[in-house]
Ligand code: ATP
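First, one chain by itself in structure tokens, the form predicted alone.
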């Protein structure tokens, strides 16, 4: 019997609500397992913990995340809860940096033509993955203190050869398992850091001759994502560019409630919906749990056990079947289902179609 330790960080706002649905799905998955068990331990972290006088990411929780086989995170941060210097509480970024989760993997898939503002696309015709370098880039100086009374503030865009090489290799491997096409997204026509980023990419590309490559400036990539998203397979980019393009791409398939993500290192990984804590709808039971549930599927793949890999396939298929009916939608997609009702539909579909 293989037991996987899962650290559960519900966090803030709707993170708590969508995490409940993720655990509901994992309990169904558990009933189908013959040689795998999940032990799920919850931890209080985030802006709400800070507001109540606690550490938003205690060292004990960070240690538990290091020791866990995977981390399941709901959402963290609240716009009105900030550090004294004005920056928002963001323990999810601390996790990326402390656990060296250098590749942010963000799949984007259209499940029904009714969900996209680009009305000429059908289910499956938008299907891409954004791979975001998550420990360097423009985020690298986020902890720097702004000089008091300064009339000028500089943020450094950090690019290292080692950091770039590892995220490029990861992106090439993902592309090799898909349609074998990788697009580098940079701003090498303007920024010296991006010229270097491209040089490293070109060198690593020689290691993967079976993967076709192209190179696009980030502004051009934003345009093409709107005009012809079907041409993209895997995109790899810098931290800030990946942050922005991920939200744009999510909008093509229904919004942030449809966008799963994973922050992955060599030894640790955190799985979470790409959306934030959405305090404006928190507590109303209307948040879309699909992104969180699809993040669970990514976690099951990461665990890399024969049974969890099969479970991930069944879970994605269950989500696809539920979403094939355009009447089965939460409020963000124009529907009337509650968070728990959508979770119940996917759990029921999984139970009915996956026979142990």
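Positions refer to the first chain, counted from 1. Because the structure is a prediction, the values reported are computed rather than measured.
Absent from the display: the form predicted together with this ligand. The rest refers to it.
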Problem set entry | Listed residue (280, 214, 202, 207) with a non-hydrogen atom within 4.5 angstroms of this ligand in the predicted bound form | 280
For this session: Note which of 107, 276, 91, 104 lies within 4.5 Å of this ligand in the predicted bound form, where distance is taken over heavy atoms; exactly one does.
Result: 276
For this session: Tell me, yes or no, whether residue 45 is in contact with this ligand in the predicted bound form, where a contact means a heavy atom of each within 4.5 Å.
Result: no
Exercise. Within a 4.5 Å heavy atom cut-off, is residue 315 in contact with this ligand in the predicted bound form?
Worked result: no
Exercise. With the partner left out of view, is residue 295 within 4.5 angstroms of this ligand in the predicted bound form by any non-hydrogen atom?
Worked result: no
Exercise. Might residue 287 be said to contact this ligand in the predicted bound form, defining contact as any heavy atom within 4.5 Å?
Worked result: yes
For this session: Determine which one of 216-224, 172-180, 157-165, 256-264 lies within 4.5 Å of this ligand in the predicted bound form, judging by heavy atom distances; exactly one does.
Result: 256-264
Exercise. Counting only heavy atoms, which residues in 328-353 are within 4.5 Å of this ligand in the predicted bound form?
Worked result: 332
